[in-house]
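First come two forms of one protein chain, each written alone as structure tokens, so that there is a structure 1 and a structure 2.
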Structure 1
């Protein structure tokens, strides 16, 4: 919250104090996914500093809002943490647009338990059981697990990680009332190391070097293989399983433009997938596309 305010103030000041007159600037409007809002703000901030003639304004509102804005010609870029739906693409065509998709980063959520917890893997269904309160004791998941009440930690409801978890894991369920909402992934990790019966989640890159806790491999269902998003031997994110989508709680984050990007928008997008842009992605706890990234640019459908 404070950080956000400071950022907003900094952006405001940067814009307000900029020596170049506003009318000389190329303006890029972005709206959409709240998950990506902070990332986009950071990217925009750094980019505008290097390119004084570009002014980028970023608004949240959710992926749906961003895509709707795009279809109504209100923005130059829609940030979306999901793919465009077929219906939306159809509407776009009706409006005379031919949206292009640019994957800019990846997002994955790691599930962490205390290092003493023997649980080997969890399915999405089991995660939902734990977090919805359908299961209150570890032994209900597996009789081999200790008979101890589950202590639940979540990120605060205003962050993208929470959104993502809710959308991909909880689906139509609500969180159990005894879920503790913490303000930062660091706080979640810290709490899990102190509570032997705890489970928590957070952005994958945060758990690269876990201490006092263990990242649990996750599978889609009982019959699928469990996948660990962390390479525990080499201490880095298991990029391959996230990039190919075999880790279930991961997703690409993308930008949509009304047409194939050109001009300043294109240079901005190119800069994002450059090493410099991807470094910011990593710093903001998202997963960079990496060397083996699939083509970062492809026509939607």
Structure 2
């Protein structure tokens, strides 16, 4: 009995004197963009290892979900692959918040087709025609392409990728009725690999290595050069064309906080844009900020 008491006392003292147990852990809750989810998880894991008193919870659900969680006081950070909308900012202020934005990385929206599709490039206008249903057959794009109906895959409407594509490519045109909406970019990539006549889009990092598909170079119009967001020789993201905005569907990836960040949240955000944090961005096949980041306004016409 005495031995048990001594052991219990020793355990209590060890916990009490532990630097982590001596203070409550700081918890940071993050939700939102599925495009950013893998990146945020890797950043959170590394940061928590370096700061044992910080516990970071990360979940997806889409940019719209993350922003809604932020407006309802459910999370400390919303990850978003699109800018907050004016009505969301207005709602935030009605709820007593004044959201702050932190751009942490860049991204390009890749356009993928099945590996058997010989299409060499597409313009923004042709993309719009395909996804609006104005063009229903691949041969309408080019007589040398298969005479086959186009199979359309898109991210779901709660997703920031969908919103960005709708605004900058579709120009708010309606998607064709036969469009299939999928909950994750990985699902879009997987679906394209299984359907010879398919086309899909999503964050470029998800399309670097999947077998069975090909990323298509995109141009602003027929008189502009087509740019591929993938370096097809070395099989990695073509960082330069996204950092300088020459790839026409480039965008920032950002976090939103209810107010200007402070405490551990600010420390976490500051670390992400440090050399160490941006090295993780690069390692995970996202695009680090660089010296000439594109704005949220794509060059797509």
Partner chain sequence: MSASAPPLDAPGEKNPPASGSPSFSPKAVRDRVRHSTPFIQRLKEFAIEKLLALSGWLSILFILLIFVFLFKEGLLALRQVESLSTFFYSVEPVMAYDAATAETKIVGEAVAYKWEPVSTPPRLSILPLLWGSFGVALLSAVLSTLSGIAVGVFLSEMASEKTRNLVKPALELLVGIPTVVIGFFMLTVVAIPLKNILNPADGTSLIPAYQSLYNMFVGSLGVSVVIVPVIASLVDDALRAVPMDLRAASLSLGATRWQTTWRVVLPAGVSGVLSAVILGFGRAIGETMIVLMCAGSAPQISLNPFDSTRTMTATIAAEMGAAQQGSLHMHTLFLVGAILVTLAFFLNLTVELIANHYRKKIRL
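Numbering follows the first chain given and starts at 1. Given the structure is predicted, the values throughout are model-derived calculations rather than measurements.
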Which of the two shown is the form predicted alone: 2
With one rigid piece of the chain swinging against the other between structures 1 and 2, say which of 230, 250, 55, 131 is at the hinge. 250
The angle, in °, through which the smaller rigid part turns with respect to the larger between structures 1 and 2 is 40
